[in-house]
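First, one chain by itself: the form predicted on its own, in structure tokens.
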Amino acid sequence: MENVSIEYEQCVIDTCVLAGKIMIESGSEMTRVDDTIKRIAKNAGMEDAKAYITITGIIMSGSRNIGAQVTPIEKREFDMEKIAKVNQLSRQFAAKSISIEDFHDNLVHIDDLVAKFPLWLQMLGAAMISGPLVLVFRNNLKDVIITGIVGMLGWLVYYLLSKYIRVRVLSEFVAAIVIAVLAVLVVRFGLGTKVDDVIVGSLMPLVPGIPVTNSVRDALSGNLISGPARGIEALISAGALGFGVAIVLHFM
């Protein structure tokens, strides 16, 4: 029975850590991650489990029979579908609809459970974000369509580079350069009217809005490690976008 208990506790800790890792890698704020891990441990009967969560790693311990487990967070992206799926599995486990083993197995295969949006749909979404914002914020009806097209192409460049380059900032930097070059060219050829409006609208799909929001939420919740870390990450991304545009405008 002792071996079974140890195996069960180890499975619970593995499940908690994996759930937290998936949520952090998918762009969740630390408060939600901490709450989810604690709920999983409590529903599994391990109310004394402790977890220390940061944007770069998770440390969790159970009973004295099992040592603390450390899991690094090596990548970060934005996938709200995965966060919602982890929360759904957590609620199913709380309702005793699935066992802890099934919970862990679903987390291991979460990429198969959560469908990825096809590239054409992502590009369409980028166009729908870029174009209308020019009309809303700049009252520029003439550049709505061309801004949507430029924003769509900028997202395509970012998407393709992200598949081969692990440094997200570099992908954003190159995408900003492409957007700025296209904006200048479409205005010079008479397809657009204002370079600034086309650039601002086309950059919107790449603006780090989620990291900024999560940074503020983490800081307000008292997490003074993850909050500033996410803020710096957002500033670096914004700087990469601005620097890419500035280089093009300076030379063109």
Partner chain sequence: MWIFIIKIICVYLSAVGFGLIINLPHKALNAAGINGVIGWLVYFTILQNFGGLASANFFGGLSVGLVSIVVARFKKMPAILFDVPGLVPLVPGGQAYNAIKNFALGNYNVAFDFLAQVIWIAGSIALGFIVAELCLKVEKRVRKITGSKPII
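Numbering follows the first chain given and starts at 1. On a predicted model such as this, the values are computed, not experimentally measured, just so you know.
Although not depicted, the form predicted in complex with the partner chain is the subject of the following passage.
- For the residues V108, L113, A94, M80, the 4.5 Å heavy atom test against the partner chain in the predicted bound form is passed only by M80.
- When contacts are judged by a 4.5 Å heavy atom cut-off, I199 counts as touching the partner chain in the predicted bound form.
- Proximity of L133 to the partner chain in the predicted bound form falls within the 4.5 Å heavy atom cutoff.
- At the 4.5 Å threshold, heavy atoms of V70 stay clear of the partner chain in the predicted bound form, well away from it.
- In the predicted bound form, none of the heavy atoms of I59 sits within 4.5 Å of a heavy atom of the partner chain.
- Not one of S5, I40 and Y52 places a heavy atom within 4.5 Å of the partner chain in the predicted bound form.
- Taking a 4.5 Å heavy atom cutoff to the partner chain in the predicted bound form, the one contacting residue in 148-185 is W155.
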